[in-house]
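A single chain comes next, written as structure tokens; it is the form predicted on its own.
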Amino acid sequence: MTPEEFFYHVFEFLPRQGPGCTGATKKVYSYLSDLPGDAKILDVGCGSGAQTRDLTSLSAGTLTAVDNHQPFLDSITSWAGKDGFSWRIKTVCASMDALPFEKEQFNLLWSEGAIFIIGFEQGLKAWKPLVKKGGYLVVSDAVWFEPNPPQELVQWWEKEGYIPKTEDQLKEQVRNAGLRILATYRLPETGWWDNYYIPMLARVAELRKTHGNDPACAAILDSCEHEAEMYRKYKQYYGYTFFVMQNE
């Protein structure tokens, strides 16, 4: 098993592939007061579809779930069939920086904790054309909550290859992209622990028994634990913020 295959092996069996929770998805969705009942929704970087399922229950429209890892999409197809949603959910295996859709095709583009892969500013510029005029974009991304974060935390983010910006800095990027900010909402702590780190750490402990002697696999497991430890120590300094935007 290659390191990339093992990485996916860790996350394929988790309820979520990143921080999030149903309560936050519902709260943020409530800001979209005039979304059409038959809305066409695009979920970018959907993973195995925890928020896709939530959006299906919140809307009567159709959803297109996009990820570049087919097993995640297969999981969505499986639960959608069991839940009777197959006719409402379509999956597309594609890269988020080359989405195969027509301009102004969707009423809502939704992306939880995934835009960092191509960058907040670049993501907004690439995705905005896919949304109808008057439609919405909702994304969550890592931000600094407090100034002057500890050096240990900054160095960890630098090693991860993505440095958070402040909410005000990202708001400025939203405006520069020609979008109007309707609301922001910080993901509560439960979205990090109960729905992500607790199951992830349990998965890590399980895999150490079978793959802990493989240096490449052990390094991935160590990284997962270190990420959770950084949040435990420094959660007051950073987190995820949802940005609710309208395409004017």
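Quantities reported herein were computed from a predicted structural model and do not represent experimental measurements. Sequential numbering from 1, following the sequence displayed.
Just so it is clear, the following notes concern the form predicted in complex with a small molecule, a form of the same protein that is not shown.
Quick one: does Ala114 come within 4.5 Å of the small molecule in the model of the complex, counting heavy atoms only? So Ala114 counts as contacting the small molecule.
So in the model of the complex, does Val143 come within 4.5 Å of the small molecule, heavy atom to heavy atom? Residue-level check for Val143: no, no contact with the small molecule.
Examine Phe72 and determine whether its closest non-hydrogen atom to the small molecule in the model of the complex is within 4.5 angstroms. Yes, contact at 4.5 Å.
Are any of the heavy atoms in Met96 no more than 4.5 Å from a heavy atom of the small molecule in the model of the complex? Result yes; Met96 sits at the interface with the small molecule in the model of the complex.
Looking at 64 to 72, 185 to 193, 34 to 42, 205 to 213, which lies within 4.5 angstroms of the small molecule in the model of the complex, counting heavy atoms? Within 4.5 Å of the partner lies stretch 64 to 72.
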